[in-house]
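One chain comes next, on its own, written out as structure tokens in the form predicted alone.
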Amino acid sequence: MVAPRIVGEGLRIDPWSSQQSTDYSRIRDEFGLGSIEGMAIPNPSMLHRRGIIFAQRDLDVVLDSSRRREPFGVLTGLMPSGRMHLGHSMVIEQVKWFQSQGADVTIAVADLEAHATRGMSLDDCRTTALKEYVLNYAALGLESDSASVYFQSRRPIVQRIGFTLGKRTTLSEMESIYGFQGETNLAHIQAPLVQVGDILHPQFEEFGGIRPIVVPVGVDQDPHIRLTRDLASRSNWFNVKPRKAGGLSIALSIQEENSSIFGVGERGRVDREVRSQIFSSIHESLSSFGYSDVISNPKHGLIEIPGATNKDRGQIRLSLLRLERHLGGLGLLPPASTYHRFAIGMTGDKMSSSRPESTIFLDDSIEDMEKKVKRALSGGQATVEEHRRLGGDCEKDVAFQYLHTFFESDDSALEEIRREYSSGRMLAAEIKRICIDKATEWLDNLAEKRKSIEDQIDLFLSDDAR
């Protein structure tokens, strides 16, 4: 059993719960997420323009790499245990956007997790992943030339990283993050560590090397991101932080595996010659930045750079991570992340593959989709007279929300629908008809694309997934 993670009354953050808080401002504040507002998003997607992507961690580092035309990646994962629905397509729209900005794409198939926690065979996981998910990803417009799909069961490094970094956390911390209890299945406890390996392993040399990796998720997945960021940071040999007097500081992080490399001997004595060599290496790694004033304190393992700014932090961290790896460390950059709002289910709550009535599946027939939309929660009033007088509630109305999130890409057309419905001039049945027509076009186009590319799925597979 896994208890939901609750911070404050009614605020729930849990990757496995069917009920989640939608108080996004409070979630952002209490979990330390950064806002998207004010960030210079190049060629913003529909999800950006409409505030559906509402928060981020270290997105500036990713955007900076994109602007510099330097390597960066985007990672997403899929659970191969059911049909793909509209909610899943939100992540792929974000992955596509990052790909259009120059990102390489890594897609993790969580077949080990599905096998351990849902009783699926690995063969069934593969079939579902390819025929249900990867096919739809391709049909939604993901490009194969810079995308790579792999399976957890065929990539041992993912599990190795999980075990390597697992020694840097405790059961108490896992209980705090996830709400694990004494009855929790051990597979549930192991799964987050495997996901840590999923998120971090693309930075290893054979998978692209050290570079920013961004993970677009629903806010319910933030526990995984926080755990991964914490474990990656704890493994770092150099800590880069703002100085109180301005600029940045670099502090050595003395750990069991690097103490001798950093010149720490028995009883904590510092070997000045070894420490001097380390500081020379740090200075060399910073030389390309051109700082005129670098203050070194080898005895205390500290370098201060008064002329550096917070914008320089990302590039300095990458340079030091390369040095760390050269010295024998892991050299892992904590992942960046973006967070999107939950897509409302047909009944007004969360979408779920286990409740077919709550969502539109990507392979639904037009007839089934139409029935679901007609039965969906309405924001209209009880009578036509009341509706004409009071208008419809667009925030509550599922048909409008689906146009807003999925089916109407024209901002001006959506705003016209909002005005007509909220004024009462458009009735609930009319907005549902608009949604049905737009969804019909969307599903028909997707079905045609699936047929045209179903023989090209192998192009998306990594070498170890073939």
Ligand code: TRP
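Throughout, we count residues from 1 along the sequence that is shown. Note that the coordinates shown come from a computational prediction; the quantities given were computed from them, not determined experimentally.
There is another form of this protein, the form predicted in complex with this ligand, and it is not shown here; the text below is about that form.
> Of these, Gln203, Gln152, Thr338, Gln94, which has a heavy atom no more than 4.5 Å from this ligand in the predicted bound form?
Replying inline: Contact residue from the list: Gln152.
> What is the one choice in Gly208, Gly77, Gly379, Gly329 with a heavy atom within 4.5 Å of this ligand in the predicted bound form?
Replying inline: Looking at Gly208, Gly77, Gly379, Gly329 one by one, just Gly77 meets the 4.5 Å heavy-atom criterion.
>> If the criterion is a non-hydrogen atom within 4.5 angstroms, does every one of Ala110, Glu113 and Val215 touch this ligand in the predicted bound form?
In response: Every listed residue reaches this ligand in the predicted bound form, so yes.
>> Within 4.5 Å, heavy atoms only, one stretch in 191-199, 366-374, 238-246, 284-292 touches this ligand in the predicted bound form. Which?
In response: Flagged stretch: 191-199.
> Do Gln221 and this ligand come within 4.5 Å of each other in the predicted bound form, heavy atoms counted?
Replying inline: Contact with this ligand, yes.
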